[in-house]
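Okay, so we've got the same protein chain twice, two forms, each given alone as structure tokens, structure 1 and structure 2.
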Structure 1
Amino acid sequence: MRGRKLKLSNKQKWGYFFISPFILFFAVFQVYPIFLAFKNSFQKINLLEPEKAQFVGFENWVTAATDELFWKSVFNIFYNQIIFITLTFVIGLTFALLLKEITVAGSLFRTIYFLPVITSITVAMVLFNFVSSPQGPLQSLMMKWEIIKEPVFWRFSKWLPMPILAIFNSWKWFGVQMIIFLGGLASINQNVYEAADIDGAGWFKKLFKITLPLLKPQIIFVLTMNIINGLQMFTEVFMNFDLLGGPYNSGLTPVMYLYAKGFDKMQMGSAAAIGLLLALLIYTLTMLQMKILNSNKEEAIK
């Protein structure tokens, strides 16, 4: 085998030729920035004076790991995600179950429910801000029905920003989960339901004993993607708060804090350390998801 030259067929050469743009793009815009961020995380570097960078060892890492604002941003995003994941799971699964039963105009309803997903997040947030503002139609209606006594300025509240943003994101993204659940429901063998019907199982018993267990891969996938995307939330908070998340830092997220460190305070070394800490957190959660999926496969094989 030693000295034997690897010969590629014309088909393989054309294959490498066509995937080379992606490999180049991935290397330049994905791999290189990671190595650059890792290098910067050990330096004290100002964005305006990169030539004066100083090596500071693990100082940026220690500062980031002990930064109360960073952990406040992590707490905010987990607070947000608990509400968001619960809402989108319930809404997405409910609409998927309803659409599975609909035999007339199902495509029309799927399109209508998916519209928020394809709407620009900026446009959607402008509409949401108008509807939810103290002078907006929603609060006016709630005051008319005496649900609230006075207008609520949720951006200045200590605890309301994250639940309000979770409600917005639930409306914006539940369509994606609905489509994933619909795909999962379509893959379930109907003979299982027919056997359950013969045994006299009711709707709820079939839901909890058949549908939800067989949808487990889709549920775990959706849960993991929500956590990963949630940890990267930026546009929603950027449009509503200052770079530190407004009063009480209640709207601060990890990516917003990273942006403030890098482009407002010009501390690129600290920003790189925060970004890599966030990447480690996302990597840990992804590995946890893969471990759960693999354990499910092993159980299925047994």
Structure 2
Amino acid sequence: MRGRKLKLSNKQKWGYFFISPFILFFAVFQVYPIFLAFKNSFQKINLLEPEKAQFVGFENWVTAATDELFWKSVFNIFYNQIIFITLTFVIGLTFALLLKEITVAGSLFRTIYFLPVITSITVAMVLFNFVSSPQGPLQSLMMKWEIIKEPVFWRFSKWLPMPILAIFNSWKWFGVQMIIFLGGLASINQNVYEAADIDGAGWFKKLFKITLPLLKPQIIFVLTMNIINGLQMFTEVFMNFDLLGGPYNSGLTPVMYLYAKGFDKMQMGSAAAIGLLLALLIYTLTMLQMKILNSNKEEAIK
């Protein structure tokens, strides 16, 4: 017994050695910055003169919580994400279902659908800028076919930027979701479908009663990742708009607002408060979504 215990502790010593990089990383690059963010959010602080930081109590928090522009940016990102999540979900699932049916050239389709995913956002944004611009090919085609009467300057419009960026982003990202769904579909036992066929279930019935419930792990994963990443959209708007998101602030997202506050106006304290507020929002949403989806899961088991 004693010998075994000694041996174990040697193994454990190595265990601590192996995990030490994470502990170090976690302490230095995650815990400490969160602590700093809290501290900064109660200070009036300029990056260049940190020694002059003043304690201002909840001022930054109040400013952030009552800031119309901040809430406008939150609204924008929700407006964008609702369209984006629905679109990518539908497109990703549709193409996964289509690809599952075919036997010829499946990998060719998969590969090409995946191309936008591996393209960098900056390159994709340059492409998209020209394709969607008033002189660009899309609009000139639409004019020719008389879908639109005059060129649309969507960047300067009140309601168009978010849906258009959402469409663009689903072009860029549906490949990932398609691949994840395809993996999920492959793991579904075919016998279930055969049983449903015998019962005379139609295509839609099979989709809603079998496919979607059995894809739940993949769906939860995709939605969680979408919420955590999607609410932090930056490059897309940064490359298209000025720091306040165009004339109606319709392109302003929370991260860009934070960037403008912190790095343009140098108000680090107020930017830290905005970051914390947004993190709180993301956290609440993720938890809420997990709770809803998991409660459904329990019902399904019952």
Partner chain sequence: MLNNLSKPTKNKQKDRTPIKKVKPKMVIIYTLLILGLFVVMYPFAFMIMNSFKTGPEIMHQPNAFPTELSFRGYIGVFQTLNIPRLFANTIFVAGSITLLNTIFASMVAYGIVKCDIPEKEILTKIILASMMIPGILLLIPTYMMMYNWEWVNTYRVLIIPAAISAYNIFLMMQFMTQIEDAYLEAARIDGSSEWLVFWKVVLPMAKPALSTVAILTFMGAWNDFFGPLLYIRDESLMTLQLALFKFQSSIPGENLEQIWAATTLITLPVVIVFFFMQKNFIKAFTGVGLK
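All residue numbers here refer to structure 1's sequence, counted from 1. Between two forms, the rigid core is defined as the largest C-alpha subset superposing within 1.5 Å. Small disclaimer: the values here were computed from a predicted structure and weren't measured.
Assignment of forms: the chain in structure 1 is the form predicted on its own, the chain in structure 2 is not. Lined up on the core, Phe17 has its CA atom moved by 3.2 Å between structures 1 and 2.
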